[in-house]
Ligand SMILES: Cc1cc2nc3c(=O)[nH]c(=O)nc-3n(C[C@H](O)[C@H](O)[C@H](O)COP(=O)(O)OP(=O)(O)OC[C@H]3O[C@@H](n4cnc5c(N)ncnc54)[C@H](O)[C@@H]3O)c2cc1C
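The chain that follows stands alone, in the form predicted alone, written as structure tokens.
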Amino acid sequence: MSENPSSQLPERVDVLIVGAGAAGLMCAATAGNRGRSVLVLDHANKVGKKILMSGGGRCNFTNLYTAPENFYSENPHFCKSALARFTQWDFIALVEKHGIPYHEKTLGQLFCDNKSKDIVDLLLAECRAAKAQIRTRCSIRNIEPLEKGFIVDTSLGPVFCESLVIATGGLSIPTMGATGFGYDVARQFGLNIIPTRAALVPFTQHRRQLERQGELPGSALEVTASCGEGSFSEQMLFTHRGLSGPAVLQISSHWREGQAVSFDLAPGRDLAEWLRERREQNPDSHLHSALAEIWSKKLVQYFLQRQGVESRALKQYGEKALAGIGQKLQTWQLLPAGTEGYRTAEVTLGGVDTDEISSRTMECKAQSGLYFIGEVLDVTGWLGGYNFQWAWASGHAAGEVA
């Protein structure tokens, strides 16, 4: 990284970007490619920390099926313009340009074959080519708006910029350096903040529930999780704290405290009808043996005990009894104790009110030259690469004009 000039006269750049994450680095490369002088500052000791830990270390960098419907916002139309002008195909082309091997995992989710560092290296290479400077371990002390531009007082000295881009992310995973700085900047300029909360986050359960599930941590199964208007079919994972897995993380974005979550434990099946078929095929087979075709033995035992169902030979159950067992076992209504919060949340719901921001340029409507991009805005994607695509698209949109 380059050193800051020793002089206390403000360093002058066209574009100052606060935050060296996915959105900030994409914005830097885009603006630099227009011939703008660009400086990126980050308080962390290295860039792209959230990129590096994402996707189990392999970075789920976009999704083949990205569409505006995959995002939450008070204004669901806001994300459309940026997503349409820098698509998943544009980022895939960039990945291929840099020779990064990748694969589709499930549901259009694209991952690096090797490590997340490949994506960070791609962004740094693009920034170098665009002559964008990046400095880490630098905090912002004060932002002073001028008639045209800003004076930003930093721990490495003052900087004058024409355009100031806030790309500091949300509150999720504070151990990665997340803070509320971006929201503080928005408040300084009188912008509204949509209340924030942890999203794409595991559920916690009450102690008694966890005790009953003592043997289950590490067990997983396919479910359809439903809450409010949301419904997602993916895996659910039992943990020592409660429930996780893609289906749980997805539905957490719809959950509010005090709400129950419904889990279909045999998605795509009518369990009662399926048990009838098993009885006809093998009447001497026991209920627990039949259920072991779709669930692990531990899960079968737990679900039967939870519903107070005794396992007997299938031929010993009458039509009505078998139908009742199927209905009992099909659906699990759960009242979570809460979530694990920002500590493990992948993203933050809420943020800077998009009514205050241009959907085309990401510029603040009330303050010329001030831009907000990425997770700091009230735009939150589903699990599966959508939030990275929003970072690329919003960063590119601001970089084209800042």
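Sequential numbering from 1, following the sequence displayed. Remember, predicted model here, so these are calculated numbers, not experimental data.
Just so you know, the form predicted in complex with this ligand exists too; it's not on screen, but the next bit is about it.
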Is A337 part of the interface with this ligand in the model of the complex - any heavy atom within 4.5 Å? no
Taking this ligand as it sits in the model of the complex, is V15 in contact with it (heavy atom to heavy atom, 4.5 Å or less)? no
Proximity of S172 to this ligand in the model of the complex, heavy atoms at 4.5 Å: yes
Check whether G55 has any heavy atom within 4.5 Å of a heavy atom of this ligand in the model of the complex, and answer yes or no. yes
Decide if the three candidate residues T179, E375 and A391 all line this ligand in the model of the complex, where lining means a heavy atom within 4.5 Å. yes
If contact means a heavy atom within 4.5 Å, which one of 160-168, 286-294, 249-257, 187-195 is the stretch that engages this ligand in the model of the complex? 160-168
Listed residue (C138, I134, V223, C112) with a non-hydrogen atom within 4.5 angstroms of this ligand in the model of the complex: C138
Note that this ligand is not shown here; using its position in the model of the complex, name the residues of 322-361 with a heavy atom within 4.5 Å of it, in sequence order. A345, E346, V347
